[in-house]
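Just the one chain here, laid out as structure tokens, in the form predicted on its own.
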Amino acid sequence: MAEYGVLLVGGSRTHQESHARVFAAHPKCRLVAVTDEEGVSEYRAELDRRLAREHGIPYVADLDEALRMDVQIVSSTPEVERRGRVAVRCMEAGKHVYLDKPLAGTLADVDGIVDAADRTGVTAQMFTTICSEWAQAARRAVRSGRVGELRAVHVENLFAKGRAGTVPDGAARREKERVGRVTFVEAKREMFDVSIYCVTLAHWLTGQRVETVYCQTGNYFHAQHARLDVEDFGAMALRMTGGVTATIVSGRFGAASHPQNGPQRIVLIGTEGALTFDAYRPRVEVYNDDPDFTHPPLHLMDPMAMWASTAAENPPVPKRRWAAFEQADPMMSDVAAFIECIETGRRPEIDPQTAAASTEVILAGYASAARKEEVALPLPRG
């Protein structure tokens, strides 16, 4: 019998599409309702109602009312701009919180989430890819000393989605020091959204913190990003405590740019050698007369093909050139670890404090890209 009622904050066209599916499949969880803050736009409210209908649960338009229901866990995926206050309200209501990534878009919101978690003592965890099989293999290699003393780490994650090659000629990224708005209907800041995986892996693999950040961002691929004044790509060089250097490559570069969903890779470099860990190895490469990948019709509300719900309306031609060996869904493993932490009282590996450190690195990256210089951590508050 399910022991944990799960409340979903956020609906379709958010990462809640994945979170809800995984919590619904967990044997100890049952979905209770979809909710959101009062006063959200009708566009957002309808997407909340859509996810509620999909799972056969009610939509409660008042977050505070929903928090009084029989729920023990909140899966929180509102827009980045609202994540700080939503997470704090849920924690102060005594709920365990599974947090979307990245944690928030400002230092004030990041610090508020950390403070609320410390004050309330609830279990809180941010989703990352540390539970993927290839990341776990990399950590085993580090701990076993297979590469000797670790000197450098490279992590890359690029999403192969959307139509590349549409960015206007001559578009040049002029980064701003503060992140500003992150979430738009048709796109989002891609380094912000994707590099959190990479930075968290660098922290988690090395056990070290970042001391300085040097970053560059760009508009190379997508017209939507250039028009909205957000980056589609970013690269960071990180100096870490203990003398380790980490390099990060992250963003979105177009659906036709990769045989599957985009590169996900870790390279470890040590005094005794180097090892590479790849989400798509082992794999079978297929060569036949199947038609090549073609873009589906452009969905005006989701031209970057970010969400599974809109992909179902405009299904793409499957990519069949790489047949990766089946692996466990990393979110399934991540949620299972979260539930275990609730039951045992163990601190999650990616708790708000750890998630905050990774998010602060990304915020420092934007400051570095704007100033065109290395930026030291921690960032000044206020």
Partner chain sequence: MTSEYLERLRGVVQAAIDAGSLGSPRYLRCVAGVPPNGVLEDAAGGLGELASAWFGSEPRRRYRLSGAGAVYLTEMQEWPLGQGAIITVSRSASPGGSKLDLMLIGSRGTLYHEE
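Numbering follows the first chain given and starts at 1. Note that the structure is predicted; figures quoted are calculated from it, not measured.
Here the subject shifts to the form predicted in complex with its partner chain, a form of this protein not shown in this document.
Each of His154, Ala172 and Gly270 comes within 4.5 Å of its partner chain in the predicted complex, counting any heavy atom. Among Thr212, Ser309, Gln72, Gln136, the residue placing a heavy atom within 4.5 Å of its partner chain in the predicted complex is Thr212.
Listed residues Lys95, Arg265, Arg82, Lys101 were compared with its partner chain in the predicted complex; Arg265 is the one with a heavy atom within 4.5 Å.
Contact annotation for Arg89: none of its heavy atoms lies within 4.5 Å of its partner chain in the predicted complex. Contact annotation for Gly121: none of its heavy atoms lies within 4.5 Å of its partner chain in the predicted complex. Proximity of Phe127 to its partner chain in the predicted complex: non-hydrogen atoms within 4.5 Å are absent; the residue sits far from the partner. Within 4.5 Å of any heavy atom of its partner chain in the predicted complex lies no heavy atom of Tyr197. Only one segment in the set 274 to 282, 175 to 183, 301 to 309, 104 to 112 has any non-hydrogen atom within 4.5 angstroms of its partner chain in the predicted complex, and it is 274 to 282.
Residues are counted as partner-facing when one of their heavy atoms sits within 4.5 Å of its partner chain in the predicted complex; in 231 to 269 these are Phe233, Ala235, Met236, Ala237, Leu238, Arg239, Thr245, Ala246, Thr247, Ile248, Val249, Phe253, Ser257, His258, Pro263, Arg265, Val267, Ile269, in sequence order.
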